[in-house]
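Presented as structure tokens, the chain that follows is alone, the form predicted on its own.
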């Protein structure tokens, strides 16, 4: 059966939202929808209709994505849902084709997403491009091996000052960290909305900044949970987001988090796979670390995508990409790149490597290993070319995406 696929207008947002409410098992508050209207790009929305009824949803945000040494425009796929009674009817596939066509029409070379389920998007050519880490630690085991010099000060601030201060700190980190996505002013407003049912029984957001010579160069947004057992405080602190321009700022903010009274357990949300705290702690074994997929990427214009980043070492590669979902995206390509720039073009040369688009997409931001793809049978080619690919695509900082969308 064929379903109409089209964008929606603002007055249709409530009916549109009912699809993802039923798919994800929650109720969207009116206040949330009103805030969402300020960030939601209605011209990039995707609705599947059966007559007058919305049965599938999707959309995209317009982001600038930091790549190793560069930046590219990207479509951030969001709000993907299909009503339970309409599954297995090709609606998601139609939505994905619509999204890919729309992204390509804007000359955005790739699409990115956060996956609610890890088995869905590989068949559409997405690969895991960043890793999220989270940790939990008992406050009694948070002594530092050595204290970094922290000439500044930590200061508690209110929500209004946080709204003014935090974006500037985040902006300083964007060009430094592959995987970061731009945040608009409206997105910051939504990010700080802090509705009660988002808190899971914890406090509202608390905000701390670290300043040196009057300049804020780090912030921590956190929540706390009051908890007592047999007359002893065993509270929890959730470090929801910590951003720091310097190691000293990061060290000072963790030191603050570990010093909050009546707290026994400190937990985090999304953290980078390479965590400075692991090197600061005297007993890093006490950190209970959990890793999972973060940002998924899907290359839609391979030459533009690969030219939109830099490479750790000078080199040249000829490779074939197989794209079963969008065959015209695939082909044979020649890449020449290094620390100062890159160029990629279609080629008639004999490919040294062959892999699928999901495999290449998963290595785009500099994480992962072509060697492991080769050993897993997902990449074919000579070992020397595999080694050269790893040397080129690697970067001095593993990618991390702290954004949810």
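Please read these numbers as outputs of a predicted model, since none were measured by experiment. Numbering follows the first chain given and starts at 1.
What comes next is about the form predicted together with a small molecule, which is not displayed.
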* Asked: Out of 261, 158, 196, 117, which one falls within 4.5 Å of the small molecule in the predicted bound form, going by heavy atoms?
  -> 117
* Structure fact -> Heavy atom within 4.5 Å of the small molecule in the predicted bound form, from candidates 97, 123, 147, 288, belongs to 123
* Distance check, residue 272 to the small molecule in the predicted bound form, heavy atom within 4.5 Å -> no
* Touches the small molecule in the predicted bound form: residue 243 (any heavy atom, 4.5 Å) -> no
* Is there any non-hydrogen atom of residue 71 lying within 4.5 Å of the small molecule in the predicted bound form? -> no
* Taking heavy atoms and a 4.5 Å cut-off, does residue 284 contact the small molecule in the predicted bound form? -> no
* the small molecule in the predicted bound form: contacted by all of 306, 332 and 345, heavy atom 4.5 Å -> no
* Go through 104-112, 89-97, 215-223, 196-204 and give me the stretch that gets within 4.5 Å of the small molecule in the predicted bound form, heavy atoms only. => 89-97
